[in-house]
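Form predicted alone, single chain, as structure tokens, below.
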């Protein structure tokens, strides 16, 4: 299983995350494209880091919501979603090409990701955006009980999917992430390592109601926004060896 991390989320003089410290331990970097975080200088530095450590480059597009860090849902039309994704993709991919690199996949951020997983109209728009980009790209989404349906719809548009699980989030019985407002939705310390070990050894997680949920995931989302998170990523990487 690969490790992916959301990176390049600083903006101007505001710093978010310890990108240089987490990059050596991951396989896939989801790089912000300017709509929720990131700016040209941050994007350039993050791309350079990814190349330095041979990390796969992914675009991390969002709703245009800098003030809310892309965590607020927006009522966008089908075409607006396609266009805002293409705009962000083109920016990151163009900058990557200037460094001899290339974007190979897309993982929507925040509210756009959540809407993609819960609203069929948004899912269709995101899928169409990936399918209509000028080169083949993979789409990263949440591994849940609907994997087969997502694969069938994506295959019809010749889009390859990457399914991800989360190291530090509790799951509901239907494979969704427990709302952050719910007690215990975010895992800490040994809970994270226990969930990762269960995923690796049994292909499952324990839900918020105590049930076993089978998850077929290709990649695991980790975070690198503080020193303790970096240490946890190192421990997770050791489990994967």
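Residue numbers count along the first chain shown, from 1. These numbers come from a predicted model, not from an experiment.
In what follows, reference is made to the form predicted in complex with a further copy of the same chain, a form of this protein that is not presented.
Site test, 163, 174 and 178 vs a further copy of the same chain in the predicted bound form, non-hydrogen atom cutoff 4.5 Å: Negative, none of the three is within 4.5 Å.
4.5 Å heavy atom contact, residue 9 to a further copy of the same chain in the predicted bound form: Answer yes; at least one heavy atom of residue 9 falls within 4.5 Å of a further copy of the same chain in the predicted bound form.
4.5 angstroms heavy atom contact with a further copy of the same chain in the predicted bound form for residue 16: Heavy-atom contact with a further copy of the same chain at 4.5 Å: present for residue 16.
So, in the predicted bound form, is residue 87 in contact with a further copy of the same chain at a 4.5 angstroms heavy atom limit? Yes - in the predicted bound form, heavy atoms of residue 87 and a further copy of the same chain come within 4.5 Å of each other.
Do residue 44 and a further copy of the same chain come within 4.5 Å of each other in the predicted bound form, heavy atoms counted? So residue 44 counts as contacting a further copy of the same chain.
Name the stretch: of 165-173, 91-99, 136-144, 152-160, exactly one has residues whose heavy atoms fall within 4.5 Å of a further copy of the same chain in the predicted bound form. Residues of 91-99 come within 4.5 Å of the partner.
Which one of 191, 208, 65, 27 is close to a further copy of the same chain in the predicted bound form, taking close to mean a heavy atom within 4.5 Å? It is 65.
Out of 67-92, which residues reach within 4.5 Å of a further copy of the same chain in the predicted bound form, heavy atoms considered? Read in sequence order, the residues that approach a further copy of the same chain (within 4.5 Å, in the predicted bound form) are 67, 69, 71, 72, 73, 74, 75, 76, 79, 80, 83, 84, 86, 87, 90, 91.
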